[in-house]
Structures are given as C-alpha cells and as structure tokens.
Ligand code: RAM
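Starting off, we have a lone chain in the form predicted on its own, written out as structure tokens.
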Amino acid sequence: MRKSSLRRAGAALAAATSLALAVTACGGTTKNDVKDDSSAAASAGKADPGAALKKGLTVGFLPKQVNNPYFTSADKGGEKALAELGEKYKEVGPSSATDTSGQVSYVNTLTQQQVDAIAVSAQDPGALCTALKQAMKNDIKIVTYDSDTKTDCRNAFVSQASAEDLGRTEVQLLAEQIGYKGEIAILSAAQTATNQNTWIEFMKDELKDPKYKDIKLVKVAYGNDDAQASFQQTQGLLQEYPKLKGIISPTTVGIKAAAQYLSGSKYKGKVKLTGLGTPNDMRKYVKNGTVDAFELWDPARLGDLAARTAVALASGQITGKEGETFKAGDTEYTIGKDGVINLGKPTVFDAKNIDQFNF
C-alpha cells in the first residue's frame, strides 16, 4: 500500500489500531524481545549515497513524554536540524511517560496525516510494532531514538551512546566515589524501558569484575520516570538498606528526584549518587555537595541526528543496513549491526565543567 492509497485503507487502519492497543494492554518486555533476526533495515531497498536530500519532507517527533525537559531539548534539536535542511517538523506525544497506548494512537495519527518519517522514543519495545509496521507499509520511514523498539519495526535506531559504555561507566563513576566498597542500588525508570534494561544488564556485568568484589548490588527500584514516585523510591531504598553507600539512576527524572531527597536528608554527602542527568537539573546538587559527578549525552545532538537520519532515509541515501554511511552536519556516521547509529561517548559533568553546559 502506498501513501496515495491511504484514504482507501481507513477500515484496515482502524483494525490495525485496535490490534495495536490490544498488544499494548498485554505488553511485557525482556531483553530478548528487542532482538530479532529479521530487521526492517535488512529487508530495505538499495541505498543511493549520492542522492540529493529531498526538500519539504515532514518528520513527526514522538517522544515518550512531551512535557519532559529532556525530550523537549532533544526534539528542539530535531526541529532546528529540519529547519536547516528545509524540512517540516511536528511534535506529538503523551503527557505521561507510561502512556504506551497513547503512543500507539499518535503513530496512527501521524500515519493518517501521511508524514514522510517518524522519529519515536519507544516506551515499550513491542507494543508499538503493529502501528509502526502499518506506517512503514505506507512508505513512512521509522527512526527510533533514545529508546528502541524491535528491529523489524523501524529502519534505524539512533542510540545516545554505546549501551555498553553507558552501563559500565556509570558503575565506574560510582565505584570511584564510594571507594569500591559497600551496598549500592539502581533507581530506574519503567520496568519495560528498553534502554534502561539494557544499561542495567551491562552494569551487572561490569560488577562481575574482581575489582568490584566488595560492592554489592542490593536492589533495582523503579520510579516510572515520575518525580514523586522516584523521590519515594529513593526514600524507600534508604529505609530498607540503611547501610547503602550509593545509588545509580540512569534516568534524568530519577536522578533529579533522588538528588532532591538526598540534599534535604541526613544522607547528603554520605550516600553517593550518579547516573544520567542534565546539567541544568543537577547543577545546584553538584554545587551543594549532594552529587560529585554524573554523565549524559547532549539530547539536542541526539534529536539533531534523529532528524537527519530520518531525512537521509526518506531521501534514499541510506536504508538502515549495516555498513552504510551518511553525513549528518559535519560528521560522517556508519550504521552498525541491526541498524544502530551511535551518537558518541557520554560526557561526565562535575563541579569543574558543569557551568560550561546549558541544557
């Protein structure tokens, strides 16, 4: 089915919407859910690296949550890139970070509006697949960013950094801060968050190194990317584990909420906190001694690359196959296994450099 025949497919699309919502209702995620031998990238047509970028394309951005400062920064990066390329930008999305059914509805809306590409941060790796595949059948290119879906449900995934780098470096940061000894916990987002779960697996693997023999991971807690829930989870961790020496929170909402709790408690400066946060959120906690160091990538750069990847796909320069290269701004990127494109290594923020950043 092509986009020109979309209007004649109203009934079929409604059925697909219904099925997608049903999938959402019974959604559950394991690490293996995002591994699929048959990827959209592998089955796409041949790339033409020399093709000119098309103008006037419309790219729809669908973040996990529209009022989340992190996604606001990322999507503004995408909007700016599209403006530079002569393309059109639109953003839609749920106001809750756990509204998976809402994301499905927005994918279907963008499909009905016949956008040229969709950049989506998936709340659940499997729940969006039916809707995304319907979009792909209508010549809409799908780019996931920040959080991936199954490989056969998109053309490419723009990763913040290597998942392995992110998982391992967060353990390394915390281990240095606690002197490689003591109990630690992880404060994650939702249990179904693809990126969080992948990073946590690498954290656990890093902890197997003999140099961490005196560090014990006692619990993985979930704050669902909600400030109040994450605040309460931090409080609960410290009540349950009074000897806790450190917390890793690989989520911008979670680390800020944890820092807020620690800064006003007797644990300030005693329980170390690191993870993934934005400089603007964490600046005061670094300066008041609650947090020594944390890390993140620049979300505006992530959104920029997601937008440029979407345009390259829609223009036929790339298909998402491993080994393809394309230029995004001044940087040339090579597509890796399963259509993954890595933005680059994360940046560590501390008292020495945090004022150099504004996002």
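Residues carry their position along the shown sequence, with the first being 1. For clarity, every value in this text was computed on a predicted model and none was experimentally measured.
Keep in mind that the form predicted in complex with ligand RAM is missing from the display, and what follows is about it.
Participant: Using heavy atoms and a 4.5 Å cut-off, decide whether T98, N197 and Y222 all contact ligand RAM in the predicted complex.
Facilitator: Checked in the predicted complex: no contact with ligand RAM for any of the three.
Participant: Have a look at T290, S315, N68, T58 for me and say which one sits with a heavy atom within 4.5 Å of ligand RAM in the predicted complex.
Facilitator: Contact check passes for N68.
Participant: Report the residue, out of T252, T234, S159, T149, that has at least one non-hydrogen atom within 4.5 angstroms of ligand RAM in the predicted complex.
Facilitator: So the residue touching ligand RAM in the predicted complex, by this definition, is T252.
Participant: Would F326 sit within 4.5 Å of ligand RAM in the predicted complex, counting heavy atoms only?
Facilitator: No, no contact at 4.5 Å.
Participant: At the 4.5 Å heavy atom threshold, is R308 in contact with ligand RAM in the predicted complex?
Facilitator: So R308 does not count as contacting ligand RAM.
Participant: Contact with ligand RAM in the predicted complex for L296, defined as at least one heavy atom pair within 4.5 Å: yes or no?
Facilitator: Yes.
Participant: Is there any non-hydrogen atom of I140 lying within 4.5 Å of ligand RAM in the predicted complex?
Facilitator: Output for I140 is no: heavy atoms all beyond 4.5 Å of ligand RAM.
Participant: Where, among 244-252, 174-182, 105-113, 203-211, do residues come within 4.5 Å of ligand RAM in the predicted complex by heavy atom distance?
Facilitator: Selected range: 244-252.
Participant: Going by heavy atoms, what in 263-279 lies within 4.5 angstroms of ligand RAM in the predicted complex?
Facilitator: Result: L276 alone.
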